[in-house]
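Subsequent text provides structure tokens for two forms of one protein chain, presented individually as structure 1 and structure 2.
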Structure 1
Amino acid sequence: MTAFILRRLGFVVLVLVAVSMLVFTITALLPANVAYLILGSFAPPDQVKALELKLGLTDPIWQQYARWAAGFLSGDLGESPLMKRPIAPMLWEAVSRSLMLTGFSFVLIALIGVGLGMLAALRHGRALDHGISIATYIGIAVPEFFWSIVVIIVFASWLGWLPASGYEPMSAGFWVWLTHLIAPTITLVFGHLAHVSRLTRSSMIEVMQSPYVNAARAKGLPERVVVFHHALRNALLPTITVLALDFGRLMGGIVVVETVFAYPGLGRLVVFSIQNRDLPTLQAAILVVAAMYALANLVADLLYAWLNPKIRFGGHVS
């Protein structure tokens, strides 16, 4: 298992190095100029040239990348030329807020999605199965910005239960903090339940018809033990992979949701950086998103190997 973990960690490192090169190269080729962003659009060309030399913007791109990567590894992400603030604390603050939102949504998607998939599989072909399928399909068919508007209209405007936008820290009170998370969490959950529930349903239906499940029933084991101990563990294998992918989709989905709800997280920071051509902040934010996506897939691989030992032993269990 140790060798398996090391191989996967090595793969994650290679992916992040490749992504960092791609992100830096693409952003460096954009028409935006950091020197003009700092000095202003109408700055004299000689001042712009001097600042470019000072910042090393005239160096070969590989030297610029090496400096940027070394700073990233040391935790020094530089300073935002637009906001005149160090990028690192601003970025980690945004990441922590987005991780809270993504974490709540991910847990609800996993629990509700697996639960709905199990119910649909155990009632295969019945009204409950069809109802769950229709509801989850609607969730995935409707874009997230529409669910955001629906949640705001229903829970903020009509019922007045939740704030329409914004964020409050926990120091303002636990309930105040929680109410600002509920609306964007509901929006994210609606849009991602179908992936998990549909795959769990299909896997459960297939596993429930397998010989070892029939053998467990023939032994007289209670149906609860058959479902949870014998069937669910194997049915969750493909679901784990989808959950890891859904975590990546959540990190992409927060861009829309955080913008609609004016939630000051990583997604909103990315949009702000793009709109204002803040390239250093944009580079750091995109690489952090890629790192979280890669780590989510690493966790999925480890869980997959734990549930199915054939994977970590190369398909042969001794």
Structure 2
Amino acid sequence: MTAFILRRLGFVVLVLVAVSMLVFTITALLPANVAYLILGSFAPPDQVKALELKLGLTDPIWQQYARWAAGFLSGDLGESPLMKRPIAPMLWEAVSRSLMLTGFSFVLIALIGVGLGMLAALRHGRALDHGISIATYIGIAVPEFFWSIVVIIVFASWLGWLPASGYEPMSAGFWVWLTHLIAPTITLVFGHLAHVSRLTRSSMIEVMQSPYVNAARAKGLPERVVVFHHALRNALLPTITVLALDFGRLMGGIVVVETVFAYPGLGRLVVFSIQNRDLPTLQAAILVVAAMYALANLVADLLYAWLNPKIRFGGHVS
């Protein structure tokens, strides 16, 4: 098991290195030139030349990458040429706000999604199952940006219960803080619930048809024991992997949702830095997203291994 954890950790590091190279290479192709960005579009060419030399933009790309990576590892993410301030504090603030949003949503998605999926599976072929299935079809079909508009129309415009956009820190009062979180959270939950519940349903149905569940019934065990003790644990194994993937999808979802709700998190930072060709900020932000996603997958892998005795305990006995 230790070897398994170490191997997975090593793999996460490798993926991050590769992602950082990919991100750096793609952004290096961006037509925007950092020097122009700093000096303005109409700067005289000799000034631009001088600044490019100073910033090392004329060096080979691998040297630029090495410098950037070294800085990243030492916690120095450089300075945003656009906003003229260090990237690190700005980024961490955005990350913490986005984590609040995704954390809330993730917990709700996991609980409600698994619950609905199980309920549908246990009522397979009955009215409740069909109802849930139709709801999840709609859930899958509606894109986040449309959900967000529906949520704004319903909760902000018609009912007037929630603010349509923005963010207030907790210092402005707990209620104010919470009400600004609710609308984007609802949007994210609506957008991602369906996947989890559909997968839980099909995996639970498959397990309920498996020979060992049939065998448990042949032992005359109460249905409650058959479902919760024999079936659930095995049915949740694939769901765990999908939940991790879904965390990654949530990190993608915040791009749209934060933009619509003007929520100052990581997603908005990414869109903002792309629209304004702010390369250093973009590189750092995407790398952080990839790192969070990789960690989520790592946690899922470990949880999966821990719940699955075939990985936790290898080999034969006697």
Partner chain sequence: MPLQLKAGLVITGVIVLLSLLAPWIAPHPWDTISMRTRFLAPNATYWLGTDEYGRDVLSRLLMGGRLSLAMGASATFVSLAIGVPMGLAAGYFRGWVDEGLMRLADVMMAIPPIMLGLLVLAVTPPALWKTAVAVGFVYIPPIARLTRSVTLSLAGEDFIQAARARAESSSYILFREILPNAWPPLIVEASLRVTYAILLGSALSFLGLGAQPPSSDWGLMIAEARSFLDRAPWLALAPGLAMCLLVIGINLIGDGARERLDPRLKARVGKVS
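We call the rigid core whatever largest set of C-alpha positions still superposes within 1.5 Å between the two forms. Structure 1 provides the reference sequence; residues are numbered from 1 along it. No experiment lies behind these values; they were computed from the predicted model shown.
Original post:
Between the two chains shown, which is the form predicted together with its partner chain?
Top reply: Only structure 2 matches the form predicted together with its partner chain.
Original post:
After the core is matched up, is the C-alpha of Glu223 off by 2 Å or more between structures 1 and 2?
Top reply: Yes, the C-alpha position differs by at least 2 Å between structures 1 and 2.
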